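Quick setup: one chain, the form predicted on its own, written in C-alpha cells, and binding and motion questions come after.
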C-alpha cells in the first residue's frame, strides 16, 4: 500500500488532479503540490477548500520548485513523505521528475511523452528516446512508473486493450478520435499549454500503417465520422503519444490518431506557421534580443486555465477498433463524452483539463491499493484496464461502447 501524493505542476490539469485527490484522500493520504509558481499552487489549494472537495478534513501543502532540479524534487518528495508523484507539469520535466522518483523509490505517473525544447516530432517510437531507457532502473529499484495515464494517451490505450483482447478476435486497425465540440468564446486559444500544443502539429505526422512508421504532413489526411452526442465531425490525422507505445505493445498493423480542428483554428495556425512564429529555434531581433518565436506566441495567447468559466459544449474522445469477431467484420467504438460546464462546476476547470486530470488520480488510487503497483515501467495498455475503467465510471468519466449490439455503458 502506498499513500501521500505529490502533484507537480499548477495548470488546469493540476487543478483537476488536486480536486480529485482531495475527493479520495481517505485512500491517497496527504496531498502536496509544487511548481515554479507557489502562487498558482496556493490558488489551486484554495479552490479545493472553496469547493469543499476533501473527503477527510485536510490541507494541501504548497511548494515552489524547479522540477528540472532533481535534488530539489527529491527533497520535496522526502519532506512530504510522498509515495506517489503525479507529474502534470510541462513534458519537458518528465525525465528529471522520473529520475527523482527512481532515486527515492516512489511511484511515478505522467500524462504525456517527454520532450526536449529544441526537438520536435522525434524518431519513432518516441518513448524509446527517453522514458524507456529507464525501464531497467525502474525494475531494479522496484519503482512503478506508469507512462501517459491521462486521457489520450491513457484512457484510449485502455480502450484499445479492451477492444483487442476482449471485443475482437483479430484487430486490423485502431483509430483514436479526439473531438472537442465545445466553444471557449475567444478569438484564438489552445486548450492546454500553447507551446506543447503547437509543437505537436508543426513537424511530421507519424502513424503506424501496414506495421511500419509512415510520415505525413499536418492537415494532409482527414476523415469525417458520425459520433455519439457531437454528431458529424471532421478530424485530421495527427502524430500523438499513444501511437508510439500501442504500435509496440499491441499486435495491430494500423494505428492512427485523429484530432478535430475547425477552419478558424487551421487558418490561424497556418498563418503563424508560415510566418515562422511557431518555430522552437531562437531568433535575434533588430534590438539584439534573442527570443524563441513559439514562446512569444505562448506569452500573448490566453492562459488555457482562464478559458474554463466561459467554456460550453462537449468532448467526445474514443478508440475505434476494426477487425473480425467470429469470422465476421466488426467495428467497435469505445468512448467518453465530457461536458465543459459540468467540469467547471465540479472542479473549476474546462472539459479538456478534466478528461486529462481524472485518469492519473484513478491510476494513483490503483497504485495505492496495490492493484497497479507493478514495480516496473509500463504504458497503460500493458495493465489490466478493467479496474481502471470501472473506477473512471465512478469518478466522472463514464465509458461507453458502440458496436453491433448498440450503444451502452461499458462496465466490467
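Nothing here was measured: the structure is a model prediction, and the numbers come from that model. Numbering follows the first chain given and starts at 1.
We do not show the form predicted together with a further copy of the same chain, though everything after this point is about it.
For the candidate spot formed by 274, 289 and 295, every residue has a non-hydrogen atom within 4.5 angstroms of a further copy of the same chain in the predicted bound form. Contact with a further copy of the same chain, judged by heavy atoms within 4.5 Å in the predicted bound form, is confined among 243-251, 295-303, 308-316, 226-234 to 295-303. Taking non-hydrogen atoms only, residue 221 never approaches a further copy of the same chain to within 4.5 angstroms in the predicted bound form.
Although the partner is absent from this view, residue 36 contacts a further copy of the same chain in the predicted bound form, with a non-hydrogen atom inside 4.5 angstroms. Contact check for residue 268: a non-hydrogen atom falls within 4.5 Å of a further copy of the same chain in the predicted bound form. Among heavy atoms of residue 137, none comes within 4.5 Å of a further copy of the same chain in the predicted bound form. Scanning 217, 211, 123, 284 against a further copy of the same chain in the predicted bound form with a 4.5 Å heavy atom cut-off leaves one residue, 284.
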